[in-house]
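Just the one chain here, the form predicted on its own, laid out as structure tokens.
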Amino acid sequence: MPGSRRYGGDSSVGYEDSWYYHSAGEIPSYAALDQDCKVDVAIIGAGYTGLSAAIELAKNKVNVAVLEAHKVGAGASGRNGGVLGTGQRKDQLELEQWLGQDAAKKMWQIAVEANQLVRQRVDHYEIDCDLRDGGLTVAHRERHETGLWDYADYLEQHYGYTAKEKVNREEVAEILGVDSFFGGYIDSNVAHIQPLKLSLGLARAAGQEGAVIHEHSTVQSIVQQGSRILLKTDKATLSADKVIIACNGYLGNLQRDAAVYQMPINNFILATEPLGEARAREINRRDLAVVDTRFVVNYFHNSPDHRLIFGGGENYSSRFPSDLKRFVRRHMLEVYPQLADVKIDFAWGGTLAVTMKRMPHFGRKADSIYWAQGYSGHGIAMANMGGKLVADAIMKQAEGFDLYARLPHQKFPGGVLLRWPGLVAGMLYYSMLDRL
């Protein structure tokens, strides 16, 4: 509400503000950890990474428990823009230059499988998450247009990827009902979903496989005691052989070895009032998930009840803007000025994690504590895959995990406490370029 100050990095604040929460139907509850117990693997965080790892481990008869500080999907997994993407945050040309063709092609295959993994789980566990196929990437500047087309050609020629359909400016204007964008491409493997419903469905799937989930169980410390690791909450202690840290932007200072490689940032989304089928179709004729080429991207799609779900703007502090509806509406009207008369029913924010290289950061400590984080805006597909790769590594199939763990990441200058100033300066620079 106007005048309020929402804090990033705290999944208990603002969780109930989103349209996702209000359209999710009945939300189940899981009991807090209230007595000491032992498991083979303990997972911290019931978002995509943690739930994905729990599913893989439990279906392989590993005794696993998940500790969640607030509610399943209360962090970025239940608040994000709802775009099931393809590829990595860095494109294949950048990865080839950075890592070489062999590693880049392996990562491409993993990214393709990540998209498929989400779809397979939605089908297998019958998760109703409003999945709708089709994504449009558009150039917000004319100079970006040929780059998008060239990249579509490159993927087809060098990776055999034929799912991208090139569209020109006139076709984009016909699809979106505005002439503010240039050309781009439609990717038939991209989709948009209701992300909180996906989180809740994954939690149900983990339970079906035998995993135990505890909500309202904040881990206060991680203590090594002989061969066991103790996770201490305010009510009880969970003892485990191995631990997976799946907190991403909500990690805080819980595990410094992971925290120094990621930065939490806040991103913001709104949902309009229902527009009606005809008006919703006017602004998105093919019901696509749309993403533009800004450094701080705009992303949007229509909901099943014909609202516009629009994400735009971010900040780099511990606080959300005081009036989120006004903050995001400004970005929406730059794209859709014809919606100036439309009421904004919901606005919310969430905290994600970025890395210096904008690629996921995987790590392990003493072969007993594992983490996957820093998906940098590509979390729906890659966080689900991240959880699977961590689980595979624990089960001694570490090829995929090690591929990401070997990425030459850089720590944020200044460490955990002093990393903000450099990031803020860099982000403001790129935001300025978006506006020029």
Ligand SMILES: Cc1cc2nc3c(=O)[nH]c(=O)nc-3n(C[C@H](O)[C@H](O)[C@H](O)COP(=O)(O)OP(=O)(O)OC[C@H]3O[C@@H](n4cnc5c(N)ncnc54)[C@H](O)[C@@H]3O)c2cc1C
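From 1 onward, residues are counted along the sequence shown. Given the structure is predicted, the values throughout are model-derived calculations rather than measurements.
Missing here is the form predicted together with this ligand; even so, the following discussion is about that form.
Put simply, Ala69 is close to this ligand in the predicted complex: some heavy atom of it is within 4.5 Å. Shown alone here, His378 lies within 4.5 Å of this ligand in the predicted complex, counting heavy atoms only. Within this chain, Cys247 lines the site of this ligand in the predicted complex, having a heavy atom no more than 4.5 Å away. The closest heavy atom approach of Gly81 to this ligand in the predicted complex falls within 4.5 Å. Of the candidate stretches 46-54, 29-37, 363-371, 394-402, only 46-54 has residues with heavy atoms within 4.5 Å of this ligand in the predicted complex. Contact with this ligand in the predicted complex, defined as a heavy atom within 4.5 Å, is made by all three of Val219, Leu352 and Ala383.
For the options Ile269, Leu196, Ala114, Met359, the residue carrying a heavy atom within 4.5 angstroms of this ligand in the predicted complex is Ile269. Of the candidates Leu200, Ala347, Val118, Ala74, Ala74 is the one whose heavy atoms come within 4.5 Å of this ligand in the predicted complex; the others do not.
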